[in-house]
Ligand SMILES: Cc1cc2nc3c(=O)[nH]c(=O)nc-3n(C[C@H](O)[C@H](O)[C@H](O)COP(=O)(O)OP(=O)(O)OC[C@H]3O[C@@H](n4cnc5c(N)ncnc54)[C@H](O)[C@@H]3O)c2cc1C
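One chain comes next, on its own, written out as structure tokens in the form predicted alone.
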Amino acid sequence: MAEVFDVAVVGAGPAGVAAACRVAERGARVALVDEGFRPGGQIYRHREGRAPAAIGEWMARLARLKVDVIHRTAVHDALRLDGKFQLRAESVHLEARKIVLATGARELLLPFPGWTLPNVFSAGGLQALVKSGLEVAGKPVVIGGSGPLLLPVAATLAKAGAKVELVCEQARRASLARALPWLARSPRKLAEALSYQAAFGPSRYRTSTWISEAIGTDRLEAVVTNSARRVSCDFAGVSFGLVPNVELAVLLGCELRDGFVVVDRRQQSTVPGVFVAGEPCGIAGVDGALGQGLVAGDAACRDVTVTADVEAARGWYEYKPPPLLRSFALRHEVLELARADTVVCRCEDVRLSRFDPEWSAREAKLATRASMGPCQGRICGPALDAILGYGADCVRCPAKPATFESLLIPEDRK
């Protein structure tokens, strides 16, 4: 039999932790489900007993409260049945009267020659490995792509002892300068950016620069930039922004707008009882995610009126990309990096030459098997949309890789 909770929260990043804490403080029974080893999400991934100061207070708050935290569990299906929501995962089957989806975001990876070489990672993936214990001291590293994520990743690598040779930002300097008035009104954000640059050396940050090719035989040996500069390195971290994880929301029937889940002032989606917080509603940083999580947790327990202090904490109602994010709009050059023989779908080993620009996402899947591998299109899907304009394909269970046994209903497992 499935365990029944008042509220189930999916995702233990800042938004999910805040939501779970608020639900528990309201006296409701809550489960916090996450595929990581411990709460904190990707942004606050840490080793046991080494929680960053920025999340330490929330970790202590979570530990004091009665929250059923379920680690190492990826939810691969969500549905409504007999008046309750059901969440199905590899090792557990949960039911809840209300759910909060705080599923975060993943990185946008654009294919380029050599991107499948060993030791070429996504920027956030490389950062996560370092936080989990990957030894990089003394190793030359290049970070590239686009977006605010590149700075903290480079800073993390530098603090771990890596030699950050270059940080490549594809956006033009003039484009980034347009965000300065916004940063001036957010002195803490500006201070964070400057501290990150200080950690790895401001002189290594280059705008209008991107990795055009990764070179190596059995592993990465060097990268080549768009200016034909060759930089020797042992590791490279490359990503071009963030893609919201909305698969579970789509499975439940939530409405999307511009790729994000539509929510009201109580963080409720268009499906009653389904609340959404954090990046699935819009990419806008930790502060907004924490505030949205508090509102969603409150609303999932009872009808509430959003007070002024909570409204200030959550940051916004109708999502509009901050000027900082708009400054990182992708240039056509990085969307054209892949050559005809470049692998685009890594799961099924499909190269760019196999795709017809006139296809839809569904036609591409049927003709090439792209997006039919273990990642279920989570990597190649957004890439094909960015470089060929395919749009999003429909979402089916399982939203995450799962064993056949976990897909069976409990009665069928006997």
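Every value quoted in this text rests on a predicted model; they were computed, and no experiment measured them. Residue numbers here begin at 1 and follow the sequence given.
Missing here is the form predicted in complex with the named molecule; even so, the following discussion is about that form.
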110, 179 and 335 all contacting the named molecule in the model of the complex, non-hydrogen atom within 4.5 Å: no
Partner-free chain; cross-checking the named molecule in the model of the complex, the single residue of 300, 142, 75, 261 with a heavy atom within 4.5 Å is 75
Taking the named molecule in the model of the complex as the reference, which of 131, 266, 172, 326 has a non-hydrogen atom within 4.5 Å? 131
Touches the named molecule in the model of the complex: residue 244 (any heavy atom, 4.5 Å): no
Quick one: is residue 376 in contact with the named molecule in the model of the complex, heavy atoms, 4.5 Å cut-off? no
Residue 30: heavy atom within 4.5 Å of the named molecule in the model of the complex? no
Determine whether any heavy atom of residue 248 comes within 4.5 Å of a heavy atom of the named molecule in the model of the complex, and answer yes or no. yes
Go through 280-288, 204-212, 113-121, 339-347 and give me the stretch that gets within 4.5 Å of the named molecule in the model of the complex, heavy atoms only. 280-288
Do any residues of 324-360 have a non-hydrogen atom within 4.5 angstroms of the named molecule in the model of the complex? If so, which ones, in sequence order? none
